[in-house]
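One chain is shown next in structure tokens, namely the form predicted on its own.
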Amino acid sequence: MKRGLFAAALAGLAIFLTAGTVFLSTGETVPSEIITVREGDAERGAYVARMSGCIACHTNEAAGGALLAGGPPLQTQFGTFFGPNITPDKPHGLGNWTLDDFARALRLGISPNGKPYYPAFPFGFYTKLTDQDVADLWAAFQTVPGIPSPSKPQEISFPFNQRWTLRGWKRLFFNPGVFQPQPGESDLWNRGKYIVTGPAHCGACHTPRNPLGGRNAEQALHGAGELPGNERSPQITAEALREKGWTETNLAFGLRFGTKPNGDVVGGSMGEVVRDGTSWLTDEDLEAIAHYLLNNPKQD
């Protein structure tokens, strides 16, 4: 048996033994309401959507797909995932959802019918979103034309296609909770941390994972090895960034225009992040991201 297949088999067995045991011993409480803000600003929500990577994951631009009507394939060691249709179409999108359904999906990784989402949907980061950002996102999605296109089913082989095990996975690796500013730090630093560890979900690509797909918190932002397309996500700790010549000024500039300190341009997945996400952010938010990344010795 090839090493990769053997590792996958071991990971699958571990998922069933650990996640299944935890799930059977503990249930999952799903609150009916988890958001207090009921009115959102669609224009601001469109900005948060850019910050959160919604466009890139839920729009198959390369195939000429409509906005938010279903994303391109995301290949992982567990299978291939497709961002679903999140337009207001009732049969195929979010047309039958409520704001509370939407908030539970973002905050808890739970669908309206109570099923857990795969962590390819980065609810582990979106759980930190403020009530206002959630309400604004919801308002923005209501303005998008509904597209009657069914979402593609996830292409996941056994045993990873056993969705019930995800409840156990969440017990092991998911820590829900809205972002809380860190006392003693500046507003700029806390804004940067909110963006990096929340909506921008930088750790989804730049933090290594264990065989079960859980992020290694002790190695946050230390690079995640091989990514889809044979890419390797680099380390973006403060020390690593400074060694490569990044400063707060050129990092904010690079997130806007996709340039490196040596004048080269970023490509691959990070090029898409810049194109669809960070290039749309305000100067203030780009400065906050750069300030946090270059002034965070803990890299949490």
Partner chain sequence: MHKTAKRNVGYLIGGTLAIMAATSLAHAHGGATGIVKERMDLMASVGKSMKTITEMFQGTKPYDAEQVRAAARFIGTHGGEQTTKLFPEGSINGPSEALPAIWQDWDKFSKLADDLSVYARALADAADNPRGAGMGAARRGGGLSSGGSPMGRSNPMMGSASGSPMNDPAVLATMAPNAAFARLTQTCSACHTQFRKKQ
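Positions refer to the first chain, counted from 1. Model, not experiment: these values are computed from the prediction.
The same protein also has a form predicted together with the partner chain, omitted here; what follows describes it.
- Looking at Val144, you'd find a heavy atom of it within 4.5 angstroms of the partner chain in the predicted bound form.
- Heavy atoms of Ile110 never reach within 4.5 Å of the partner chain in the predicted bound form, leaving it off the interface.
- The partner chain in the predicted bound form comes within 4.5 Å of a heavy atom belonging to Glu43.
- Of the heavy atoms in Val266, some are within 4.5 Å of the partner chain in the predicted bound form.
- Judged by heavy atoms within 4.5 Å of the partner chain in the predicted bound form, the contact stretch among the candidates 208-216, 146-154, 122-130, 67-75 is 67-75.
- Annotated contacts: Ala252, Thr259 and Leu281 all touch the partner chain in the predicted bound form [non-hydrogen atom within 4.5 angstroms].
- Residue Ala140 is the only one of Ala140, Ala220, Ala204, Ala105 with a heavy atom lying within 4.5 Å of the partner chain in the predicted bound form.
- Distance criterion of 4.5 Å from any heavy atom to the partner chain in the predicted bound form singles out Val274 from the list Met51, Val274, Ile34, Leu241.
- In the predicted bound form, the residues of 44-63 lying within 4.5 Å of the partner chain by at least one heavy atom are, in order, Ala46, Tyr47, Ala49, Arg50, Ile55, Thr59, Glu61.
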